[in-house]
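You are given structure tokens for the same protein chain in two forms, set apart as structure 1 and structure 2.
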Structure 1
């Protein structure tokens, strides 16, 4: 008997210990929603808590009845079966009471939802664009306007593949943070360039699908400075799990300092990448390696061998060793029907660098150099994506010759209808060309995008085109040689500059 008691005691104490170990460890486990950093976030957090508790209470009551029945109404305790099988008022009761509870839940949910979707009167606007597999950010309005950068995973592949110990923010760290000021209503415009992504930062309580071709909006107003991490939440292909979002909330003063440092470094970069800069092969290769590491390596691998057949090798490939124009076209425009996305959102210098790198790395020894000017020319051609056409890609580089000013694009500053200095220069060049070539007529089209108030945007695009027309007339171009076209919108996801331009095309 004592022996048996001892056994039971040992068994129970072992079980208790087993139960306590996880209980102690659970203190560290995250069991609930992340602590919100917005006022609305707290509302939603509380809403979730209340609804969960209501569910728990109903659950306990209903299954209290069930388990009571399981223990008291069993045949083995001799309970005889009753024969009732309906009761009108009971049935009415358990239809009506849940309905009342649901209405009680719907009221606060409706209020919270209306707040969640109210993006009016923001202090600043940032556009997030999902790419396979990184995010692009454009500061569109408010302090920091004009800042634009990409943000991709900065966790080294070695950590992912288990060759290095994993860091604290494994998979939730990026090279560039989205920086926002504290206490300001930030409106996020969310879109995508290729497939659907979703922009999600749990602590800021927002998640918005990024739909290619459409711009959706959402908002947040951070309560406290800090770093908040999220991830893409919509399956977007192979590297879906590897495109995090890091939002850094700063005080007003720190934010201003960040804005000026960003502006300074953008200026520096613009000088470094100036179109007239002469690059050496080694410079391009060195830069290309970095571009490759942040854009290409996930599929084509660091050794250029890819993971065939889905992601073909570049080392020794026909594309990376054949004609430059074909290689450039596929990088710019992607290959439809495959996971090869267009990379035309990268700068001319970056594309030149990465193509040069790919043509001179691994087994590829072409010795070719692709310059930013060639990339610009290839873009200007606007060649259709070279999906199946193989040798026909030759005209890609053809149209933009050095002498012809047409077609041309006049770019404007955000919100301005008058041309800036660069724009005036372009108009002067076009006017000169038209004077020397009396047969050509031109068509003017103002472009805008779908962000914000479309009617206002179209009006601005039209005014810009009218301005260009006035300038051409003033420069002596005959009135009947200028044809005005209705303003147009550009698809989301491209270079934001493209949405602030007037195209001058040779017409009939």
Structure 2
């Protein structure tokens, strides 16, 4: 008897504890939408509440009537079964009444939807571009016009990996906030550079898919200052859960002060990254470490060992210790068929810094460095400078090879498949280098964008690549050394001439 009572007591104690724990754990949570900070958000919130209660009333009436009928007319009390096939007024009632209810709900819902899509007459416009895995922002209209920055997750890796306690805004904090003034209509242009993302901030009543090659728009007008958090709401890859959105709404005066500070910082950065600046190896490594931490560490790890096989190690890798041009080409353009995404959206200085850092960290001790001028040339923005070695290391110069001229890009005139004079010059330089190094192969990729007829654009890109191949063959390059790659499309919002090029890259 005593054992039975002890078991009953234990069972009830355990149940009580299980019931108490959720109450304490979820004390700060609400079973509802986030409290909106826009007038349209309040409209949608109220509409949601009203329709929810309409559904509750319909549920209670329909199921109440059904259960009442079943209970009162059950066979066990001797109620005889009714025999009827139809009833005119019943048929009319259950057709007309639901129709009236649906119309009554549709009218305010349609009104709210029209308001949601009305992006006319904005006070300011911000373009949000989704990347794997961060957001880029460009202020293109309003007081902050010209401001651009990237916004990345700032939650420490130690918290993500469980080595430190989780912070208050775990996975919901960024290094740079989107800052807007209170009471102003903000139009958001949303697109993506790689895969589909979605820009979603619930409290501001805004959610818009970001689709590569397309620009969608939406808007919000915050009613009160504050910080409002959101996330990418489209499954976009390995780090999908690590690209939050933080919008900081400020008063008009505070916003003006923020704009002034941002423009001052951008001006200072422009001076620091001037094209004619002379960089040292240590300066590039120090900057590259920060760029690596913001862009590369999630996949390749802080120790450079990666997470094979999806993300190979950089420490001791052939790519990070081989020719600089090959290393730079992969960082700029990514690698097809793998999870390595292109990082063309970074500045020339940032790419130069991170490549230099990777080539001189961990087990990699190349002693060389990549300059912003070399990055600019690799993008097709100018002639490649002479190879730059780190002053402290003073490595012995290697003999010239084909890779010294690669990667290269041939730019075409709009709508033309034949190379212009500059393009012919580039092809001749590449051909000369290839003939001096019989071991190197090249890959040709024609590019286009999604403006106009995509099929025609891709055919034009293919014909341009074929033209480059024929020119190389005519210059004496063997056919088996030229690999044709499928045409590719460039991301929206970039330099239009990038969609009129054929890339010539070292092949395998």
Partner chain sequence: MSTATHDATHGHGDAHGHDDHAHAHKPTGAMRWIGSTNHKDIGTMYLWFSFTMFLVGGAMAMIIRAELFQPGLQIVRPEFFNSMTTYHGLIMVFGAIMPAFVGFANWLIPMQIGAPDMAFPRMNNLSFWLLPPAALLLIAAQFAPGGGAGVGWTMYAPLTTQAGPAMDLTIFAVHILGMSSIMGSINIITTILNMRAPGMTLMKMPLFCWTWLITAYLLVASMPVLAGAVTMTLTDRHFGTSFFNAAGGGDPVLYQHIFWFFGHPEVYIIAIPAFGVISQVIPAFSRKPLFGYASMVYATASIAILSFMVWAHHMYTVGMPVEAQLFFMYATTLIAIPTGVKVFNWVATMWKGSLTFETPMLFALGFLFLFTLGGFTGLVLSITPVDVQIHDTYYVVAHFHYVMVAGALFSAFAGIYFWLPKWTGRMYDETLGKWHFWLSLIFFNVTFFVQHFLGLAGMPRRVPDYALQFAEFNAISSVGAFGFGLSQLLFLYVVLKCITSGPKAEQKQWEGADSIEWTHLPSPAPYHSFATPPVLK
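Positions refer to the first chain, counted from 1. Take the two forms, superpose them, and find the largest set of C-alpha atoms that agree within 1.5 Å; that set is the rigid core. The shown structure was predicted, so the numbers you read here are calculated from the model rather than taken from an experiment.
- The form predicted on its own appears here as structure 2; structure 1 is the other form of the chain.
- Remark: with the core as the superposition reference, the CA shift of residue 274 between the two structures stays below 2 Å.
- With the core superposed, residue 93 shows a C-alpha displacement of at least 2 Å between the two structures.
- Taking 2 Å as the criterion, residue 39 does not count as shifted between the two structures: its C-alpha moves by less than this amount when the rigid core is aligned.
- Lined up on the core, residue 70 has its CA atom moved by 7.1 Å between the two structures.
- Comparing between the two structures on a rigid core frame, one finds that residue 60 has its C-alpha moved by 2.6 Å.
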